[in-house]
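Only one chain is given next, in structure tokens, and it is the form predicted alone.
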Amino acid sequence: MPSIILRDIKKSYGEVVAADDLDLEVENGEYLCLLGPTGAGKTTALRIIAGLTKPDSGQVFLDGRDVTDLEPEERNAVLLSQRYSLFPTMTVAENILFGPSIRKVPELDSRKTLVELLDLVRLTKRADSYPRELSGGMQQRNALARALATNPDVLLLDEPLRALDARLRIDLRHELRSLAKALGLTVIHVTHDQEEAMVMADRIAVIRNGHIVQIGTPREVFDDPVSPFVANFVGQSNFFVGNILCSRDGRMTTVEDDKGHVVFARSSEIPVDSKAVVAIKVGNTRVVKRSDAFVMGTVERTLFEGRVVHLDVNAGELGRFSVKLPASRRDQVAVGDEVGLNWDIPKASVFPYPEGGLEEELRVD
């Protein structure tokens, strides 16, 4: 299966910039999730790779071959949208056979492909059913089989699980990734759901305003975000704004705000006295006794979420912090309680203060 390279891609629709010097490399057989908010340029990137949208400038390479000016049928890259686009008057089998028939594949080969794909997506017993007679998950598998029937080199998935209910979406995450790996496909899976990307991807590429802001394994992007935006988009974070007081022995950074509140974060090369932002994942923020606290606050709200309890803590001048407690501790904390908060220092990231301000940096629309 081929690698995919986007180089210096630009694409605008009037005043709307959908791709802004977009660079991306996807390895052979890789399952890459392109993660970003609505309007970040995710679908445009897929359409450019598929040949359905022509970039204003830049190049597209598949397996080292420049395909920028080639028609979609010359690229062998299949785009599967979230709407599935099954033909309502065709059965499951007829939908799958549509691609091979257009390509004039011999009937014997087409029938062999049909049998294999029906078995692969577990729809053998529903081969004669119409899309309206299928569940959402079955429709998704039918659309996937139809895409695979064309024997693509590259599979491009545009939020393929978005229209499904929560339970089915979770089940199909694993099925879809396993199927792609079994077939050795190179896949780009577009999503705005960070949890979906975390569990499915070999690597995650975070896209914002038409360009990639960070790419890495799920753990790298989660644990070592390159900006406050990534820290909050890939796993919600709490934030503290202040000036760098000192960085001790390359192990810890001390940050103090203008009210004299002090917190601690991992080591940083940001100069002393520079304005900075400390980001702590909600899941890494703990409720502790006063003597161990970096921050004190009052519990304003508790939300039971099954295995965890979400707390909103008002820390006064420092703003609001969120915490997740194990459900087993839900009776230990109540609205109105004063609590202390802290975190493991190496798990707190520190960034230079954004030029446009923190609120603008975290904006996702």
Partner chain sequence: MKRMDWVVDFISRKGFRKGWTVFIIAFFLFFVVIPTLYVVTYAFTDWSAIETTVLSKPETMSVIVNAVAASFEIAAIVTVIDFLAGLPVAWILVRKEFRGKEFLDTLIDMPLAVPTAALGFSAAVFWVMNPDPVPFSFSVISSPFFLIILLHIVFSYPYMVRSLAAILEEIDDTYEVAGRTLGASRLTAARTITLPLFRAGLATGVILCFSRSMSETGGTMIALSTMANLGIGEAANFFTGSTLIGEWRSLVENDPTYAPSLAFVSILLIALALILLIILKLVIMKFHLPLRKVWPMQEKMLSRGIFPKMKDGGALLFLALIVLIPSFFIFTYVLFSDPASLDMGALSYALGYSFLVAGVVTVIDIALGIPFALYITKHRDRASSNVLDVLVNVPLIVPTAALGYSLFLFWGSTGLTGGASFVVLTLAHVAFTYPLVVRNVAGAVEEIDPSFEETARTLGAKPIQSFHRVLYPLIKSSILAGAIMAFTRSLGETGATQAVLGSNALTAPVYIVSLVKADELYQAGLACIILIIVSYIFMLVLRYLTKKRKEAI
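Residue numbers count along the first chain shown, from 1. Not measured: the values here are computed from a predicted model. Each form is matched to the other, and the largest set of C-alpha atoms that superpose within 1.5 Å is called the rigid core.
The protein also exists as the form predicted in complex with its partner chain; that form is not presented, and the subsequent description refers to it.
Asker: Does every residue of 227, 303 and 310 put a non-hydrogen atom within 4.5 angstroms of its partner chain in the predicted complex?
Answerer: No, the whole trio is out of contact, none within 4.5 Å by any heavy atom.
Asker: Considering its partner chain in the predicted complex, which of 50, 299, 325, 296 comes within 4.5 Å of it through any heavy atom?
Answerer: Only one option qualifies, and that one is 50.
Asker: Can you work out which of 198, 134, 120, 90 has a heavy atom no more than 4.5 Å from its partner chain in the predicted complex?
Answerer: Selected residue: 90.
Asker: Examine residue 69 and determine whether its closest non-hydrogen atom to its partner chain in the predicted complex is within 4.5 angstroms.
Answerer: Residue 69 belongs to the contact set for its partner chain.
Asker: Whether residue 275 contacts its partner chain in the predicted complex should be assessed with a 4.5 Å heavy atom distance threshold; does it?
Answerer: Heavy-atom contact with its partner chain at 4.5 Å: absent for residue 275.
Asker: Looking at the partner-bound form in the predicted complex, is residue 170 within 4.5 Å of its partner chain by any heavy atom?
Answerer: So residue 170 does not count as contacting its partner chain.
Asker: Counting only non-hydrogen atoms and a 4.5 angstroms cut-off, does residue 281 reach its partner chain in the predicted complex?
Answerer: Residue 281 lies outside the contact set for its partner chain.
Asker: Among 101 to 109, 173 to 181, 218 to 226, 282 to 290, which stretch has residues whose heavy atoms lie within 4.5 Å of its partner chain in the predicted complex?
Answerer: Looking at the other structure, the answer is 101 to 109.
Asker: So which bits of 128 to 149 sit within 4.5 Å of its partner chain in the predicted complex, heavy atoms only?
Answerer: Contacts from 128 to 149: 146, 147.
Asker: Hey, does residue 183 budge by 2 Å or more at the Cα between this form and the one not shown once the core is superposed?
Answerer: Residue 183 C-alpha, core-superposed: shift of less than 2 Å.
Asker: At a 2 Å cut-off on C-alpha positions, does residue 198 qualify as shifted between this form and the one not shown after fitting the rigid core?
Answerer: Result for residue 198: no, shift under 2 Å.
Asker: Would you say residue 89 moves between this form and the one not shown, meaning its CA shifts by 2 Å or more once the core is fitted?
Answerer: After core superposition, the displacement of the residue 89 C-alpha between this form and the one not shown reaches the 2 Å mark, so yes.
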